[in-house]
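Next up: a single chain in structure tokens, the form predicted alone.
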């Protein structure tokens, strides 16, 4: 269970978020500048909230009153960035190896890399460079990098934002498969109601730093309560039938 109740003053909005989730993948949807990516950064420890509390299972990650603020490497959180952040000059295997926590000795590190490569079925590409593999394979490598240290929770920050429509849905299928394989919980951030519909059962919509709707994705699409969500549905890329048939 992840619990988040934080406030952080940004340049033009006050981020004021309060939610908890035990979903397989919770959708966090909003326009650019709404505060969704900043929410992930606060959970990961990359940014520090002004006040509030963040708790993962029984561990307090941040508490302003108790002056607790765990380092990112101590939070057991895996963060998947928009561009996957693979090192282009390193092989797939090396990309994973450099991500292993330094607390492990050489033998432990090698075993962890071997296990993750086998788990995500990327043995056949372990000696290839990132530019020699497909987008779906790149995503598997990026996920391998963040789960090699055994995180308890994953943060997925608009991983399809730079992709064209056809590739986006193929990569979305791949990500959905990976999440099931590794049996982890996650928050998925996006501006697309379609992506949320495909990957998530429930979602929170935020605007200008605050939650404006929270519901099952089906109900958000079928009966949106705010004009912002109505517009998201109206201008979505695919019909529900299209997504159901993916």
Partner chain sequence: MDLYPLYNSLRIALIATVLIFFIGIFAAYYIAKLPGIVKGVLDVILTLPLVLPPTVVGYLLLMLLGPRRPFGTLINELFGIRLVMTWWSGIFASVVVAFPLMYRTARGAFESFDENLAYAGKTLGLSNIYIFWNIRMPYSAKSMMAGIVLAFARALGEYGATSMVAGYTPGKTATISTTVYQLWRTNDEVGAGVWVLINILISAVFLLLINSNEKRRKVKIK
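If you're wondering where the values come from, they're calculated on a predicted model, not measured in any experiment. Numbering follows the first chain given and starts at 1.
The following text describes the form predicted together with the partner chain, which does not appear among the structures shown.
- The partner is not drawn, yet in the predicted complex one stretch among 104-112, 168-176, 139-147, 118-126 has residues with heavy atoms inside 4.5 Å of the partner chain: 139-147.
- When the partner chain is considered in the predicted complex, only one residue from 44, 53, 204, 221 comes within 4.5 Å through any heavy atom, namely 44.
- When contacts are judged by a 4.5 Å heavy atom cut-off, residue 72 counts as touching the partner chain in the predicted complex.
- In the predicted complex, the partner chain sits beyond 4.5 Å of every heavy atom of residue 92.
- Taking non-hydrogen atoms only, residue 156 never approaches the partner chain to within 4.5 angstroms in the predicted complex.
- Although the partner is absent from this view, residue 86 contacts the partner chain in the predicted complex, with a non-hydrogen atom inside 4.5 angstroms.
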